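One chain comes next, on its own, written out as structure tokens in the form predicted alone.
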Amino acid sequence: MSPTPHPKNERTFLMVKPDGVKRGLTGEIIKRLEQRNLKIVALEMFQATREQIDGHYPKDETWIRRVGGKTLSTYEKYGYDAKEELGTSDDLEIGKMVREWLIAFMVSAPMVRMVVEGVHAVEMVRKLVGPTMPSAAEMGTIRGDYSVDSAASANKEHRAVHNLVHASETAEEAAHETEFWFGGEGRVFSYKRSEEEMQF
């Protein structure tokens, strides 16, 4: 069994989505990460293909039903008729629709992918980014400060929620996504920030 890595060496994956890129927020997002003493160890702008995004999002029925169930809950919460608007009230079918909306959104413009390293990087980046739904994100988080979208609004318009970034939820997900988007030698770097090199 390999030893547990030092918390400061933890890595996570973050992707600036098309809305973040088109609004010119990539620099601000990187600035917020670096101000927290998190280190960018891989960075690239790219145009995703449909195949890549299809591979990025889970395809298992449990995940798709969970997405569909969340969408149905949103419709119910705001008094909308899912069957009337989407043609079905089946969570699996709705989950498939939402997954298609996600894919269409993610290939609509270039994105910026990165690997971020630092103390409890997964948890820290999620905290800086804020909850998935911008309308529920606190001011001071990236989503809370720069996005006002909601599930209800997105569902009514049959599109993905515009929430600026994707950030891995767990260390396992971060490892998988880093390999998926940055697999290959020499694409993720190791270096010391200036303050790490200074002796006090």
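These numbers were taken from a predicted model, which means no experiment stands behind them. Start at 1 and count along the sequence shown; that's the residue number.
A second form of this protein, the form predicted together with a small molecule, is not displayed here; the remarks below concern that form.
Each of Y57, R143 and V161 is positioned with at least one heavy atom within 4.5 Å of the small molecule in the model of the complex. Contact annotation for A174: none of its heavy atoms lies within 4.5 Å of the small molecule in the model of the complex. Taking the partner from the other structure, the small molecule in the model of the complex has a heavy atom within 4.5 Å of a heavy atom of R126. The small molecule in the model of the complex is not approached by E44, whose heavy atoms all lie more than 4.5 angstroms from it. Mapping the unseen interface onto this chain, R11 falls outside it, with no heavy atom inside 4.5 Å of the small molecule in the model of the complex. Exactly one listed residue, out of E61, E34, E169, E28, brings a non-hydrogen atom to within 4.5 Å of the small molecule in the model of the complex: E169.
Checking V112, V122, A82, L102 for any heavy atom within 4.5 Å of the small molecule in the model of the complex turns up a single hit: L102.
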